[in-house]
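There is one chain below, alone, in structure tokens, taken in the form predicted on its own.
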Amino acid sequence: MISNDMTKMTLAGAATLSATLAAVEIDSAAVDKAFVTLKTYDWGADRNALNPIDEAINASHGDTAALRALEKRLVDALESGLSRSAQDYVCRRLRVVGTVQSVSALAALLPNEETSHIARYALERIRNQRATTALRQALPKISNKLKPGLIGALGVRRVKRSVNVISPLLGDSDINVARAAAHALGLIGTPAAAAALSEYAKKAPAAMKISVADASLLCAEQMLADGEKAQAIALYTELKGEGQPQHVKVAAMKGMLTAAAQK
């Protein structure tokens, strides 16, 4: 009896799954119509009109060819000239499905204050060297207002080559840029990043001392997690020295104990 009941439940589950899959099949005509709507879409328009694109993305999960085709259509739309609202929509979709073929279109939006943040969010998720390069190349072209976010994105990506681009910004006259640079180096967490933070700490103004110390703690933690034990201990040793804030000294001591406990 139990076996029969389980069989019935399994068959019922399979039927439900089949019905669900059938329900999410891509309606090509609806998707085409949604892309036409996207060309004139703006604030206040019916957001539901774009739902077929969302549904197509969801239905294409696991189908690389279908996702790349949808991505291409989104990129083409973005490059054709869209309203600010439509650009926002496309960038959010590219944050989900974007690959290297989206990089150029997204990078073009980085210098614009209205689109920079959402384009950066999308680029940050694309795990390709070209996305990192686009973020680095945009850095000198954007305003100080936008730089902290872009620097932060480079830090999140933890690409070693970004250290050389970020390090000079530790001394930037804009305190927000300088603090973002310190935190990004901490996130990257390599010996080169540690060296840059240590060197700058020797001449850091009062307004930057705590930011640099906190970033150095983060850097040491990252190196320890990455197996760079000796370099992490060396940085912790600096951070428990004279002139450091008390909370930094305590954290550095804890870090050294953690390192000592590792094999």
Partner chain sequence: MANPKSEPTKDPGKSLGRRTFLKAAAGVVALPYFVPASALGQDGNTAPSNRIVMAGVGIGNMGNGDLGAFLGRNDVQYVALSDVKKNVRDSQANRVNEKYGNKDCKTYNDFRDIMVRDDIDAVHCATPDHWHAIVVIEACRNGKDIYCQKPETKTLREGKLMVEAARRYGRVVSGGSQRVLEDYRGIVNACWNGDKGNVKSINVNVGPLPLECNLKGETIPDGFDWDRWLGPAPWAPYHPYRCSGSYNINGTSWRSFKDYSGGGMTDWGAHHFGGATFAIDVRELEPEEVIFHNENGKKYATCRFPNGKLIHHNYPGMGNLQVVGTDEKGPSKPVPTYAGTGGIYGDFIDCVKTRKRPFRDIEFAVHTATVCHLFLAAYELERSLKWDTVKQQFVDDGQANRLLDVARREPWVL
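Since we're looking at a predicted model, the values are computed, not measured. Numbering follows the first chain given and starts at 1.
From this point on, the text means the form predicted in complex with its partner chain, which you will not see here.
Using a 4.5 angstroms threshold between heavy atoms, Asn58 counts as touching its partner chain in the model of the complex.
In the model of the complex, at least one heavy atom of Pro148 sits within 4.5 Å of its partner chain. Among residues of the shown chain, Val97 is one whose heavy atoms approach its partner chain to within 4.5 Å in the model of the complex. The closest non-hydrogen atom of Asp32 lies beyond 4.5 Å of its partner chain in the model of the complex. Leu217 is the sole member of Ile53, Leu217, Ala201, Leu224 with a non-hydrogen atom lying within 4.5 angstroms of its partner chain in the model of the complex. Proximity to its partner chain in the model of the complex, taken as a non-hydrogen atom within 4.5 angstroms, holds for one residue of Arg130, Arg73, Arg84, Arg161, which is Arg84. Contact with its partner chain in the model of the complex, defined as a heavy atom within 4.5 Å, is made by none of Thr64, Ala66 and Ala69.
Stretch-level contact analysis of 114-122, 132-140, 162-170, 74-82 against its partner chain in the model of the complex, using heavy atoms and a 4.5 Å limit, identifies 114-122. Applying a 4.5 Å heavy atom cutoff to its partner chain in the model of the complex picks out Gln246, His247, Val248, Val250, Ala251, Met253, Lys254, Leu257, Thr258, Ala261 from 227-263, in order along the sequence.
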